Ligand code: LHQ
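Take a look at this single chain, the form predicted alone, given in structure tokens.
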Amino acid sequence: MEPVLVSLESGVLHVTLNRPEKLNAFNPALHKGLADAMSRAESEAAIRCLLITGAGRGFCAGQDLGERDMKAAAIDLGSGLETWYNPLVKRMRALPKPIVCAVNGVAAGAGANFALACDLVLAARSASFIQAFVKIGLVPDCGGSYFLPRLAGTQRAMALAMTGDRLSAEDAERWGLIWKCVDDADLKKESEKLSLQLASGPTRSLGLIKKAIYDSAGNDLAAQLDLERDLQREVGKGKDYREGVAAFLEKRKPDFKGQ
């Protein structure tokens, strides 16, 4: 069974974590499948949006602890981060295309932070997010210590990380961790609808919107204004801008090509 299922439909690359018997926990094979999917997304112009979800009753339970050698004299957990998790998060954030995540069940540990690394997150009402690291004597990784305080604030981030308490999808929406909480039966429809909307949009513009929002975390106002100027100059030279203006004046739906 393939650990990651990938299919391209109408500009959307559907990426499904496919280890349902392990709640889609990360292992090297799953990491390799995600890396291959990212390579496709980076290289194929036909791919204009990614939609990530999990097979079965959970989204991702984090690292598969059953594959760890706990008998070793010294365990270097940093090597796994350097090899797999950190490059994945960096590639996701740098990808000039939107990434939608549909959380269909529990998202725990690295699985929770992998979801938060996506650009827009929808979650089923029964889903939950758990910073489970502290329960086994670890600290958040996969970007958790970066995403949590920026999305939820310092106090909430600290409490989630220090207690490992379960956060419901409804509270995750209320706290600003995710975009939207939807009824379980509507998750597939709503996430696909959003992904198709983005895939038919001005892809180049969406990629630069992503860059502007993420770069703002490290910029002061003057630097951000300069960045907006530079990005606007870039997209203003593209075909999608001309098409967008023409469609507005002609009172029709624009036909963006991602250029």
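The numbering used is simple: start at 1 and walk along the sequence shown. Because the structure is predicted, anything quoted here is derived from the model rather than measured.
We do not show the form predicted in complex with the ligand, though everything after this point is about it.
Of the candidate stretches 106-114, 170-178, 153-161, 88-96, only 106-114 has residues whose heavy atoms lie within 4.5 Å of the ligand in the model of the complex. Taking the partner from elsewhere, every residue among 21, 62 and 166 has a non-hydrogen atom within 4.5 angstroms of the ligand in the model of the complex. The closest heavy atom approach of residue 66 to the ligand in the model of the complex falls within 4.5 Å.
Taking the partner from elsewhere, residue 57 is found to have a heavy atom lying within 4.5 Å of the ligand in the model of the complex.
Residue 130 belongs to the set of residues with a heavy atom inside 4.5 Å of the ligand in the model of the complex.
For the chain shown alone, residue 138 is a contact residue for the ligand in the model of the complex, at least one non-hydrogen atom being within 4.5 angstroms. The partner is not shown here, but in the model of the complex the stretch 77-102 reaches within 4.5 angstroms of the ligand through a heavy atom at 77, 81, 85.
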